[in-house]
Ligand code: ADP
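Starting off, we have a lone chain in the form predicted on its own, written out as structure tokens.
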């Protein structure tokens, strides 16, 4: 009776599972698919070349024992690698590679395997031709914890960052994901963690890189056929900081290589820190296997700072710059620029510059002039509070009614529209939108957005509501 490849492989898995750790089994053996068996040769499909190389380097002995138990001393193993298609065709293509242990598993001569990792570390940050094995952290020392002021809006993220700095790779915050809207301090906090770690653990290799640059390096490594060197470089990092990871959206090749790098670092107790403008639950076109890993550690949100924190941020900046401004001027700026820290600091820099260039005192009149220009230039960045105000006025109700628990149809629809436009016009997470619009959860916001989309197609009057509000909020 002919034995199927699936039956042989399942028998092998039973043996392998008993002899390795559960996490390693899940990561490296569950994704494998048995394809066919020809004579004594079992062909298995693996997700990538890196996956094949890892199996050959770490698990070839146990694979040999397991396969020999099933197929005898003449057993052979062939990897079928599903290659990423970079030529515009939709269908993937495959490459067959015999195991590098074939000489021991089978006496006959076989083709050579893929070239193994080079012993020399090839640093993608080094200009070709200049030899430099030292990995520069790419950190900005000006972004540190000392000037990252704590407030209710960032307390969790800052505290988690401090914990990671004290014990990188040794806390449950691995990975640490920091997410929030534009200009709220994600990059600052990520650098601060790296700077603190370098100060406390000078022997550890820390690297900060934007997701965009990581992607560019990966594409370059594929073009130059140095993908293995690229992976090897990132595997030796002790603390890897990836900024704006939402940039990986839709880039399957980059996601695949980062998935394997992440697994290696995490399994070896190395720290991964990532930032994003969205919570994992809100990310689009990111593979589920990657999103699940983002959720392994802690996701900490940076929210818009309250008035007290905004004033403290301004005072801290002025102190560092050696400038003194009256408290009433500071308070006016802080009260009127609420959207993010970047704009807040930008306004105070403009205020100082205007005072210096025009040789006038920094007073309330000058502050009003600067703030008016700033608010005018940034009016397209709409806040959730502003959206609720516009929607409430449109439906002739107050904001408290909009946020209430009532199930009256016209109020529910107004609330759903507010949630829909908050998702459209702001960078806030679904959870943040729900919290600010009547203390709802992210699932309620998601349902609201889908309801608005559906009603826009089926209800002519409702479509008019959407068009009118869209026009008002886009002005």
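Numbering follows the first chain given and starts at 1. Remember, predicted model here, so these are calculated numbers, not experimental data.
Just so it is clear, the following notes concern the form predicted together with adenosine-5'-diphosphate, a form of the same protein that is not shown.
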Would you check whether adenosine-5'-diphosphate, in the predicted complex, lies within 4.5 angstroms of a non-hydrogen atom from each of 184, 187 and 341?
yes
With a 4.5 Å heavy atom cut-off, would you call residue 195 a contact of adenosine-5'-diphosphate in the predicted complex?
no
Is the gap between residue 313 and adenosine-5'-diphosphate in the predicted complex 4.5 Å or less for some heavy atom pair?
yes
Are any of the heavy atoms in residue 345 no more than 4.5 Å from a heavy atom of adenosine-5'-diphosphate in the predicted complex?
yes
So in the predicted complex, does residue 386 come within 4.5 Å of adenosine-5'-diphosphate, heavy atom to heavy atom?
no
Of the residues 148, 395, 332, 259, which one places a heavy atom within 4.5 Å of adenosine-5'-diphosphate in the predicted complex?
148
Could you tell me which one of 254, 165, 299, 154 places a heavy atom within 4.5 Å of adenosine-5'-diphosphate in the predicted complex?
154
With the partner removed from view, which of 387-395, 176-184, 217-225, 231-239 is the stretch that lies within 4.5 Å of adenosine-5'-diphosphate in the predicted complex, judged by heavy atom distances?
176-184
